[in-house]
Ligand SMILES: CC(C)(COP(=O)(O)OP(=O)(O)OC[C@H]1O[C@@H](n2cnc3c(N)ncnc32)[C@H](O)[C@@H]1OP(=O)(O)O)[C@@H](O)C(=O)NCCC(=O)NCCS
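Given as structure tokens, the chain that follows is alone and in the form predicted alone.
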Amino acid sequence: MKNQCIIRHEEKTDYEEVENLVRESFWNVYRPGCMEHYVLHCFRDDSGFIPELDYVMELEGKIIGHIMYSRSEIKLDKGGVLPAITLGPVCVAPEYRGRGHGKMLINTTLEAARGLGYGAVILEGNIKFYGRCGFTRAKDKGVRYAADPEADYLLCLELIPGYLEDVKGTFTDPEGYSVCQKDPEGFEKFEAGFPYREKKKLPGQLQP
């Protein structure tokens, strides 16, 4: 079934379908409800958004996956910054998980990012999954997470060999990721346009 998938750039006509997919995929996963669909919605107008790396995965005319990337940077201890990009949100429809679609979507877009000349990708994620796509712990490469310097979940991948060699610095999430905290009223208004879903507090969630 994976071989029948089409991975293509997201188009404006996909926006509503993709936002519903993202909402469905993240609902009650990391917190009661989710905010990722609003992050994506706002990021499309953010200067850090990379349209060339905004992709969907389509199967038999239905969008079952989405991935986006944004510009980011590492603040170097010695001064200055090193450009990077950040992956996420990325999702696959719940009913298609566990079949390799997510890995396929990530690997395909990493190759596209490499072809565009980007040097490294940084993200927050589970090493057990992203390690299969070549990611390693960022702190092992000298990159600390500003929000949690000892974080094992901040991961990185060199797209250009040696790009992170001898790098010592701090990574901060792109500003676009904090849009829900900066504009809670905008988020609530946006969320009101979707069908009602029950928010649940579940074991393993990261935020209340």
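Throughout, we count residues from 1 along the sequence that is shown. Quick caveat, the model's predicted, so the values are computed rather than measured.
Keep in mind the form predicted in complex with the ligand is missing from the figure; the text below concerns it.
Contact with the ligand in the predicted bound form, judged by any heavy atom within 4.5 Å, is made by just one of 85, 90, 110, 82: 90. Residue in contact with the ligand in the predicted bound form (any heavy atom within 4.5 Å), chosen from 145, 49, 38, 26: 26. The shortest heavy atom separation between residue 78 and the ligand in the predicted bound form exceeds 4.5 Å. Although the partner is absent here, residue 30 sits close enough that one of its heavy atoms falls within 4.5 Å of the ligand in the predicted bound form. When contacts are judged by a 4.5 Å heavy atom cut-off, residue 115 does not count as touching the ligand in the predicted bound form. Put simply, residue 102 is close to the ligand in the predicted bound form: some heavy atom of it is within 4.5 Å.
Residues are counted as partner-facing when one of their heavy atoms sits within 4.5 Å of the ligand in the predicted bound form; in 120-143 these are 126, 128, 129, 130, 132, in sequence order.
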